[in-house]
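One chain is shown next in structure tokens, namely the form predicted alone.
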């Protein structure tokens, strides 16, 4: 018994001594007058891909699914009602090759019939909001009336309007109504009455209040969350969307601009990519196309970064290739895109941009060539692209890639090739465990300073999954990313851009997780990962300065990670510290080289005692930033960092 007590006492003393050592006050010295690297204005940005119903059913505010009857099952998303008889509903192929199908409704006896659209897992509507209905229609015979009804989950009418006086020519007809009830699972009923034959296409319903109240625009709450991140760039449209399962289903930007009625719908590559998350109703209407992407980037103050196909389909799928001698159309697509973004209004594509409502250029500076390609197939094609593109547009930075892996033979080969090709930015991707992110906070410490710069284009820490869609976005994953990002910031002379991926996830229609922002038809929630990104992006500063503990950068010692920047515009020192331990930590922060201009430091703290915690639509505030202060004594401040926390320390400096 005595022996057992002695062993127990030794264990207690050992733990206590360990905690005491942990709590010892160590000194982090920040030399505020010796910047070592510039932080690029583009440092922290956004990666958008139409995955997880991010576009149709997400940020694009259209409520009607399969509005133009172009899905491979023409009436998918629609349910017919009314007395059945031959010829009641007919799908007709017309002369418009981009939007050939339309619906013919025949009612020679004047019987009521019509269709109900289910929306994207329902339609989210709000009481007091005005909704704008539109339809392309032509009266073939007789005289028809369309009654438009918004139905709630119990089939009660909560909004209605009428469209009539159709002519024999295809025209757009519009009507608006007020919604009287909030419902996340409403549906749209289109009722045909009168006699004769009516042909309809592009059946559409939008809320009146969209982002910047643009007609038929973007969902305001989702765009606001992007704007609140203060992103330096917006990468679009992906991602694997760029490649396509095969080349026929690659993203072709020219099919996404111009009149929305003439944009050619295409299957979404994530439609059946994952057997366990099949989404047979997942298509791309291209209501959100390249013009809208450029406009979105401009709205939120981000540099646009389009990624273009390099003549290769996804190598994980078909691995289809365009012969090297037949790449001209693909290269021309990039040249024409640059003209669309930057060209004078007298040019073909510059005129189209102006006709769409933006005569001023979008000031495009960067274009990515290829997404996640690898091997000689990629580098051979990239070389052909660059030979032409650099001659025509030396002012544009063309971005290359390092493949889908963070290391290995293919990764090393591609980096060697990127150096030979003198590519200015190399896109790196890594989806790894939280532990990987902690162990790789020093990843860029030894990168070649004279070679291409890094674009960390897709990254996310993947933690264990739970039942909730949002469950993989744990505090553990976000904290590991925060620690890793101190290494990105410390190495801002090498890392010029970084973006978490993917951006959006619909809780009812996702294919991939984790995701930065989760949403349903009415609500959205920022994840802990979102707040980490926001704390970096809104506190990026202008210059990296040394932050050393015992003469070394803080990258895991005592489970602490740190980086520091100066914001020249505000004359402020900003120090970021991640404590990944389950024990609080204390540091004395000493500012050398410049004098603090205040008696207190302001602290933004993101913390939670439970590493498995995450935010949900029902509980959005489980892990959110808080603020507090700490007293300065001259050029010193004693800081205690909560266990499992990420802290941003603000110290005003004398100019």
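Computed from a predicted model, the values in this text were never measured in an experiment. Residue numbers count along the first chain shown, from 1.
Below, we turn to the form predicted in complex with ligand AHR, even though it does not appear here.
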Report task. Answer with one of 481, 458, 470, 489: the residue that has a non-hydrogen atom within 4.5 Å of ligand AHR in the predicted bound form. Result -> 458
Report summary line: Assert contact residue (ligand AHR, in the predicted bound form, non-hydrogen atom within 4.5 Å, options 183, 292, 372, 201) equals 372
Report task. Using the partner position in the predicted bound form, report whether residue 270 sits within 4.5 Å of ligand AHR, counting heavy atoms only. Result -> yes
Query raised in the report: Taking heavy atoms only, is residue 101 within 4.5 angstroms of ligand AHR in the predicted bound form?
Result: no
**Report entry** Contact label in the predicted bound form: residue 501 to ligand AHR, heavy atom within 4.5 Å
**Finding:** yes
Query raised in the report: Does at least one non-hydrogen atom of residue 431 fall within 4.5 angstroms of ligand AHR in the predicted bound form?
Result: yes
Query raised in the report: Among 434-442, 237-245, 358-366, 417-425, which stretch has residues with heavy atoms no more than 4.5 Å from ligand AHR in the predicted bound form?
Result: 237-245
Query - Any residue of 33-64 that, in the predicted bound form, places a heavy atom within 4.5 Å of ligand AHR - result: 47, 49, 51
